[in-house]
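In structure tokens, the next block holds one chain alone, the form predicted alone.
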Amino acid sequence: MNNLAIAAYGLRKSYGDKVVLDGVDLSVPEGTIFSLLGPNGAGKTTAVKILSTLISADPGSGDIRVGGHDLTTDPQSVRAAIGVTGQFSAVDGLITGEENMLLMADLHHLSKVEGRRTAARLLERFDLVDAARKPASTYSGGMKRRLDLAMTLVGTPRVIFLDEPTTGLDPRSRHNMWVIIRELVADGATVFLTTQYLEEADELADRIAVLNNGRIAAEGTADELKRLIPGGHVRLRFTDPAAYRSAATTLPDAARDDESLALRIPSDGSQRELRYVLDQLDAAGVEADELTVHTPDLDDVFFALTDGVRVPAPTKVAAR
């Protein structure tokens, strides 16, 4: 099993009487993308701020390790191992993109030669060379976010926190950012991503946790989370009425659609349940002309887990 890039147990944070994080456990293997979902005010940004040493967890929180370092006893080593791109751009619009990069290089104590080399490499990687000597205030939203992330990478962080990095971007810029995030992980980084775009988590994350009312409501892969929500089914369609009738007899729990010769069997979409359906059809000597598996999407999961819809109890789906 991969080593953990982030391990936090019993994470707690309150502001006065308001409990923001109430015993949150987070485990993120190295070289993966972990996405934390939740409605506004759920505590996503607070979790990022604690894990990136910007604020302290409350007394009584358990052990917290980031990049292999204890956050409480060795915060300086944690800072050296991480990069953070927050919700709001850290770009200084009064200076050029190149000057922003060189400023970050100075903050990381790089020599002038190494700083210029690093800035040039990252500006090229993020397709910002043509705009490098223009004031950052003239950049589009997507360009500013790319520059922001390029600045984060100056110190070659092993763990990267991206707090809603694509908020406000148009679809093309968002897609370009997805490509960059995948490349970061391919290069060996670990990405901790918070987002309100469910499609983004579905596209990128190896594992997803849904945070609600200060607690993890569920955690797993996107497919595992989708199977928590009722409504999944297998649909079988036939062209031969005799085969349709035989299948309906074989699968008495299926909902029938006599007009289109289709059966709908409740299913969580798992391989085990699909195999059961196919074995039943094989035993009866029946073959469907079309088989489709329908599962709830991540939107369904999000609304069910954060709006009080009745779903299974808070769950952490075991990694396979």
Partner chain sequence: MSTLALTVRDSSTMLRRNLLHARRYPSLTLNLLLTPIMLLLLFVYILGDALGSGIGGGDRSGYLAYVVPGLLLMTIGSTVIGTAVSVSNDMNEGIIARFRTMSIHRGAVLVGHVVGSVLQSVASVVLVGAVAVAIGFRSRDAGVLDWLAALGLLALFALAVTWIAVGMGLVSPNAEAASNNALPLIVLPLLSSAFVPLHSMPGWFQPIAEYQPFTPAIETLRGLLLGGEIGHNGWLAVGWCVGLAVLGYVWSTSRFDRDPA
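Superpose the two forms; the largest set of C-alphas matching within 1.5 Å is the rigid core. This structure is a prediction, so every number in the text was calculated from the model and none was measured. Residue numbers count along the first chain shown, from 1.
FYI, the form predicted in complex with the partner chain isn't displayed, but the following is about it.
- Although the partner is absent here, Glu200 lies well away from the partner chain in the predicted bound form, with no heavy atom inside 4.5 Å.
- When contacts are judged by a 4.5 Å heavy atom cut-off, Ile55 counts as touching the partner chain in the predicted bound form.
- Under a 4.5 angstroms non-hydrogen atom cutoff, the partner chain in the predicted bound form lacks Leu236 among its neighbouring residues.
- Proximity of Thr166 to the partner chain in the predicted bound form falls outside the 4.5 Å heavy atom cutoff.
- The partner is absent here; in the predicted bound form, the one residue of Ala242, Ala90, Val179, Val129 having a heavy atom within 4.5 Å of the partner chain is Ala90.
- Residue-level contacts in the predicted bound form: of Ser173, Asn212, Thr96, Thr250, one residue has a heavy atom within 4.5 Å of the partner chain, and it is Thr96.
- Of the candidate stretches 25 to 33, 46 to 54, 283 to 291, 251 to 259, only 46 to 54 has residues with heavy atoms within 4.5 Å of the partner chain in the predicted bound form.
- Residues of 195 to 210 that come within 4.5 Å of the partner chain in the predicted bound form, judged by any heavy atom, do not exist; none qualify.
- After superposition on the rigid core, the Cα atom of Glu164 is displaced by less than 2 Å between the shown form and the other one.
- With the core superposed, Gly188 shows a C-alpha displacement below 2 Å between the shown form and the other one.
- With the core held fixed, the Cα of Asp92 is displaced between the shown form and the other one by 2 Å or more.
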